[in-house]
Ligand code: F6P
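Presented below, as structure tokens, is a lone chain in the form predicted on its own.
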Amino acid sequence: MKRVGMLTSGGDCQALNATMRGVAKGLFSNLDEVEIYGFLDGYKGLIYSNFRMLSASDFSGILTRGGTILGSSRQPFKLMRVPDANGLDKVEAMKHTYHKLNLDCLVILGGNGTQKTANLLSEEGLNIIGLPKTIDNDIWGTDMTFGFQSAANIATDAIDCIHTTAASHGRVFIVEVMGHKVGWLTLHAGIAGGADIILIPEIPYDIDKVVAAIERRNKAGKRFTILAVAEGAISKEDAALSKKDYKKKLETSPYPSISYELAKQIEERTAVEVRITVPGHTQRGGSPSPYDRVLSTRLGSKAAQMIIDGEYGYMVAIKNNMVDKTPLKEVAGRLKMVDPNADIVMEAKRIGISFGD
């Protein structure tokens, strides 16, 4: 008998259910006896022993369903060692739940913070397998995360839809894409959507360079300019500030996000109208793309095989289009950033896309 726990933690995305389905089907198809315990609302369910037994039927019909059937919540890693309001030791509580159910392993689906806690539990002696979830594609040790391509499709659609109205009115449009620290989503959606300017956190921008790119298009007879801007995009001036000073600036800023500050600056320097579109959480919603359904199924199947073989302490990964694994201790605390000199950036610049640098 294999007893397996499963939870989804952090922000939701389109392919969580598809990935859990891959794990479950891989187990039910290859083991005579298996019990799967689903912890509700992420690590919170593991901490407070809130779970339900899942049968094969629970995983039927969820390949195309977005969100997560288990629910999710954010439990910051930095607070995991801090007792809750009632003085409960969260780490000890999670270990207690694991051992109370006599689990053979725990499968954890989530992003960077989630994988840090997964590694913590692994170091505490629990058998852990991680699965890389995030629309940001910023997890170290895997070429791709599930959820990313689905979100990129939605962000690209938003840019696609802006083209006609921008051209009709001769305006500058800013499409703000999710991504506080890393710009993969904005980079891919910007290229796929034909954005003229792409601003990402890893390449601080010069507002004068941004304005110059807009003016070049105007002089060339182009009626509009589209900017794909990551929510974490930052100017060169702000990038030079200390973390403390930059945080203070954000707290006192009159603008709801960087896009509104950019719009104000562009309007002050040019004679064009600027409009802002924020797809927001629609980027996390809806059905997973076909790519993500395939990726999730492959990753889930690999996780099932690792459970059968007793391989723990790893995050399942995709490397060079091959399913592989990366030690959790190598993943924890590391971000996969966009290299400003990466081929994809250089290729985008070569066709005339400005990064404001």
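Each residue number is its position in the shown sequence, starting from 1. Because the structure is a prediction, the values reported are computed rather than measured.
If you look for the form predicted together with this ligand, you will not find it shown, but the lines that follow are about it.
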Can you work out whether this ligand is within 4.5 angstroms of a heavy atom in all three of 74, 135 and 284 in the model of the complex?
yes
Pick from 135-143, 253-261, 267-275, 187-195: which stretch has non-hydrogen atoms within 4.5 Å of this ligand in the model of the complex?
135-143
Taking any heavy atom pair closer than or equal to 4.5 Å as contact, tell me whether residue 202 reaches this ligand in the model of the complex.
no
How about residue 157: is it within 4.5 Å of this ligand in the model of the complex, going by heavy atoms?
no
Using the partner position in the model of the complex, report whether residue 121 sits within 4.5 Å of this ligand, counting heavy atoms only.
no
Taking the shortest heavy atom distance, is residue 216 within 4.5 Å of this ligand in the model of the complex?
no
Name the residue from 180, 248, 163, 99 that puts a heavy atom within 4.5 Å of this ligand in the model of the complex.
180
Near this ligand in the model of the complex, with a heavy atom at 4.5 Å or closer, the residues from 223-237 are 231
